[in-house]
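Taking the form predicted alone, here's one chain by itself in structure tokens.
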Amino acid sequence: MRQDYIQRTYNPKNTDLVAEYFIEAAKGFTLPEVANAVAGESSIDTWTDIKTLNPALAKRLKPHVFYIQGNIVKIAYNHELFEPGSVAQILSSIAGNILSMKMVKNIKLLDFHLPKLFVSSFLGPLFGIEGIRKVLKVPKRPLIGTIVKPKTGLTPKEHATVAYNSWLGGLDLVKDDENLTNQGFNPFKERVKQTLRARDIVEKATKERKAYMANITAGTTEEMIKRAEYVKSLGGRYVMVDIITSGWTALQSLRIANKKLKLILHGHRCMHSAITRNEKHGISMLAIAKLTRLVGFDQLHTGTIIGKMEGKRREILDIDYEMEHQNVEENNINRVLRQKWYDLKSLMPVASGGIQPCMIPELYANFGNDIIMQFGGGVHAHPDGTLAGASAAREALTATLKKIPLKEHAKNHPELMAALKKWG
């Protein structure tokens, strides 16, 4: 028989790790029974009475189910159960076997709260929002960028040309697509070399700082780090990684290497929906985002609300959250990434996926200044091509910041007018 972990009067200590779940009990079980089982399975217990769990050990390390209301369950864990600085070990506990238990019909890790000593065990972002702005010399406005399209198939020269036109049109950032790494038609090293060369030419012409996010995702952590070193050797300022498919340990290894390389780390969240999309089961995007900040990435895709990707407004903007025992109520996933979290630097949210220049006023109204608006087809599908698409995005941002209606601003900016005719 399992231990009894239900203790509704328990007040979590500031050294506890607190996990918040949505739980539905399977047929034949009550929610308190399932919550108790989840607490045990994620810490010191198992499915049956074990003789090796002595009373002294149970008393010292037992978790406490201190909140059950509706389907929301909160569990406080002794910090000794976890390894500092290891996302893998923490997730193996609070989001591991418990997602497979037969007693559970559905369970989703909604949020977690770490004690300060654990937050301090992670490196966190190297640059943060302020650092990114210093590198790009853009002190306040939203950053705008694009993803080279088509996703795959271009040669390094063709890829660099698309990047060149995007920057020349007024964009700050150009990014590889998530599934472009080191294919035969576009070898990684040659692509990086030619694209960074194009960046340098545009910077001289425009007197603006530009950046290229080369996708260093690879089959091994060692190769990923080698690719980052190569980018740095050619004067690159950024790299990007597909964070879910690469894995948390690889990300932490890259962040350690980045102490020396000092590159801005951009996180693409492809495959996250396998974990986050089910509203009742898996892990929330909020939890994924917080883990990404802990690990030490500077930027992360968090959703657009209005683009092509699934992501409800509530998930992106309206998630209730209490900031690490500081009694700060928070209701916006992007602000969670931006606001103070002990000594960790902030993380810049990225809105990307099915957006185009005419959406900029709404994106700005939703997200404010500290956002990266990243357009793919919204730049390259412009009737007059990439250069005009980039210009349309820059002019739409200019108009939005000056509080000028896009239709009014477009009268003297033909690229924006063409975008309005296509999408507006």
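Throughout, we count residues from 1 along the sequence that is shown. Please read these numbers as outputs of a predicted model, since none were measured by experiment.
There is another form of this protein, the form predicted in complex with a further copy of the same chain, and it is not shown here; the text below is about that form.
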Quick check: do L196, K290 and N412 each get a heavy atom within 4.5 Å of a further copy of the same chain in the model of the complex?
no
The single option of T206, S120, N71, S273 touching a further copy of the same chain in the model of the complex, heavy atom within 4.5 Å
S273
Just one of R335, K116, K151, K134 has a heavy atom within 4.5 angstroms of a further copy of the same chain in the model of the complex, so which one?
K151
Test of understanding: in the model of the complex, would H281 fall inside 4.5 Å of a further copy of the same chain by heavy atoms?
yes
Should E41 be classed as touching a further copy of the same chain in the model of the complex when contacts are defined as heavy atoms within 4.5 Å?
yes
Do A211 and a further copy of the same chain come within 4.5 Å of each other in the model of the complex, heavy atoms counted?
no
With the partner left out here, check for me: in the model of the complex, does some heavy atom of K105 sit within 4.5 Å of a further copy of the same chain?
yes
Would you mind picking out the stretch of 229 to 237, 340 to 348, 252 to 260, 137 to 145 that comes within 4.5 angstroms of a further copy of the same chain in the model of the complex, counting non-hydrogen atoms?
252 to 260
Looking in the model of the complex, the residues of 235 to 254 with a heavy atom no more than 4.5 Å from a further copy of the same chain, listed in order, are D242, T245, S246, G247, W248, T249, A250, Q252, S253
